[in-house]
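Only one chain is included here, represented as structure tokens and corresponding to the form predicted alone.
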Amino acid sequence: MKLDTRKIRTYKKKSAKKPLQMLTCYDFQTAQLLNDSSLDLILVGDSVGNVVLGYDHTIQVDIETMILFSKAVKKGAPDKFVIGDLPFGTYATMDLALKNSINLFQQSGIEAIKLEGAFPFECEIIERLTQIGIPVMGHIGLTPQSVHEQGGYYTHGKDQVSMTRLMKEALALEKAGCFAVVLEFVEESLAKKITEKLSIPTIGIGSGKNTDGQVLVINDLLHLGKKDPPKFCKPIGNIYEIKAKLISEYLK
């Protein structure tokens, strides 16, 4: 059964007995596979820049790229709730946020967008987007688009100041109208507290097991690339090695 924002908003693991499951996807054929699975949510992440296009950072991804890949995934997975990332710089002002969100939402056919950050400005954007009918998923903790400003990749919420800030951000995102919030690299006990405090679901990545759902990059889960996946992701196979072996055998 395809989820909608009404079902997602009230989805809490403690009552549903199982976590929400979300995977990233970047292409039509993989989307077709996921469309035939029991997966709950699909994210077309701006991580397409690193994973598919070979960029150093997600910062290099633009709105046209997100529209292209989101459209491909939605065509392959018409029966799934698909969320697309709003990339770096595309919501630097309210006018830009409205223009780019409408273009991504309208041209790709996805069900929602995701943007990074919270207050004060991002929450104002979220309030306006929800007013015009665009559902928004929030994202706090490690926000890859701000990795240079944050000072690298690390776990957030280890000290009292950052713990207090992250809790306030999560509550602000809920108040602004988000239907769910991604917690990336948030200290595990804090992720649990945020999850218990919010009425909307939390979706963790590298934030422990106590969130309402989990999201992983499908390329990491299947080990599709040459590099080893992040430590928090335990691959269920090694498709890269399988492909390398098959191609080597073909070329003999």
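Residues carry their position along the shown sequence, with the first being 1. Fair warning: this is a prediction, and the values are worked out from it, not measured in the lab.
We do not show the form predicted together with a small molecule, though everything after this point is about it.
Shown alone, this chain has one stretch from 221-229, 46-54, 32-40, 187-195 that lies within 4.5 Å of the small molecule in the predicted complex by heavy atoms: 46-54. The contact residue chosen from 136, 182, 110, 86 relative to the small molecule in the predicted complex is 182, the criterion being a non-hydrogen atom within 4.5 angstroms. 114 is the sole member of 71, 156, 114, 128 with a non-hydrogen atom lying within 4.5 angstroms of the small molecule in the predicted complex. Annotated contacts: 24, 205 and 215 all touch the small molecule in the predicted complex [non-hydrogen atom within 4.5 angstroms].
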